[in-house]
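Next comes just one chain, in structure tokens: the form predicted on its own.
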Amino acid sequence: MTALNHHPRNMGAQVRSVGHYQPARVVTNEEISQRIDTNDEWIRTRVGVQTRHLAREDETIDEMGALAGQDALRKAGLTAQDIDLVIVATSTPETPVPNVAASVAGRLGISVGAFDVNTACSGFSYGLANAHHAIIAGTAQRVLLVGAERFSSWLDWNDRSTAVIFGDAAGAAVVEASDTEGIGPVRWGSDGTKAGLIRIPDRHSSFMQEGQSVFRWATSEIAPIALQACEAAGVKPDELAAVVPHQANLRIIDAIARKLGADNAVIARDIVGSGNTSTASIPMALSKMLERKEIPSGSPVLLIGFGAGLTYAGQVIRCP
């Protein structure tokens, strides 16, 4: 039998750059409290959010994703022609067809493979694993990975348990082949028996979640996964320069950081000014940390996503 040709494999992959985009409109807790029965103190105490950005009526997922992608490309000193695969993580597309990745690629003038990943708030970490695997297999040399969400169009703005939490945004990363490994093994999984805890039941419904149950799950189950990701990468928690968890809730973030024991790490708390932006939260928080020069280049950073499904994924990367 004649053997099939195969792609040459790459030694490793690395995150070269990270970018982000947020809509211009900033909504404060005071503005939210004028619409529903809540107040600034309750929101800050329960969730940790002070402000969030909301998209314009005509501002779409693919538009925000493309702007974040442009930011990541600019920071990497690359153009659209340097990309040979586009992955978009999102759980709030306006329509299921066409996929968002193809639309983002089209806006950027990229004509390459493009597909979506939907594992909700863990989507960026799942997407990063897929980008990593594609590069290691030789399928791609340089991947544009985007996390984009427009949760404002899927919320019941009369439900104070959900309306106060979310914001709209996009984050992006350029992932490329490297002579040395800059992305640790992913540790991921799911518990579909709890899938009903976070849901949009049908196309006519709004986002719903069982907040207390999700809080208990996240604060008890995610830190051990984060520790497994560190162990898989051969990095001790006290060696981490930063921890960037999904920005779900400030109390969850602090609980994970405390249990992880990453005493020397900067902890991302972008939720305070941005709200929960789901798949965009990890790359956007990391992008802002890098812009503030809070993390030395080449240092180990833990990324850990978790959310609906229930799904989770984490990996350690070398800081761009």
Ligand code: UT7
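Here the structure is a predicted model, which is why all the values come from computation and not from measurement. Residue positions are given as counts along the sequence shown, with the first one as 1.
Keep in mind the form predicted together with oxa(dethia)-CoA (UT7) is missing from the figure; the text below concerns it.
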For this session: Only one of Ala241, Leu108, Ile198, Ala229 comes within 4.5 Å of oxa(dethia)-CoA (UT7) in the model of the complex by heavy atoms, so just point that one out.
Result: Ile198
Exercise. Between the options Ser161, Gln141, Ser153, Asn118, which residue brings a heavy atom to within 4.5 Å of oxa(dethia)-CoA (UT7) in the model of the complex?
Worked result: Ser161
Exercise. Is Asp37 close to oxa(dethia)-CoA (UT7) in the model of the complex, meaning a heavy atom pair under 4.5 Å apart or at it?
Worked result: yes
Problem set entry | Contact flag, Ile252 vs oxa(dethia)-CoA (UT7) in the model of the complex, heavy atom cut 4.5 Å | yes
Exercise. According to a 4.5 angstroms non-hydrogen atom cut-off, is Ser178 in contact with oxa(dethia)-CoA (UT7) in the model of the complex?
Worked result: no
Problem set entry | Residue contact check: Gln209 to oxa(dethia)-CoA (UT7) in the model of the complex, 4.5 Å heavy atom | yes
Exercise. Using a 4.5 Å heavy atom cut-off, which stretch among 231 to 239, 68 to 76, 212 to 220, 185 to 193 contacts oxa(dethia)-CoA (UT7) in the model of the complex?
Worked result: 212 to 220
Problem set entry | in the model of the complex, residues of 43 to 58 near oxa(dethia)-CoA (UT7) [heavy atom within 4.5 Å] | Arg46, Val47
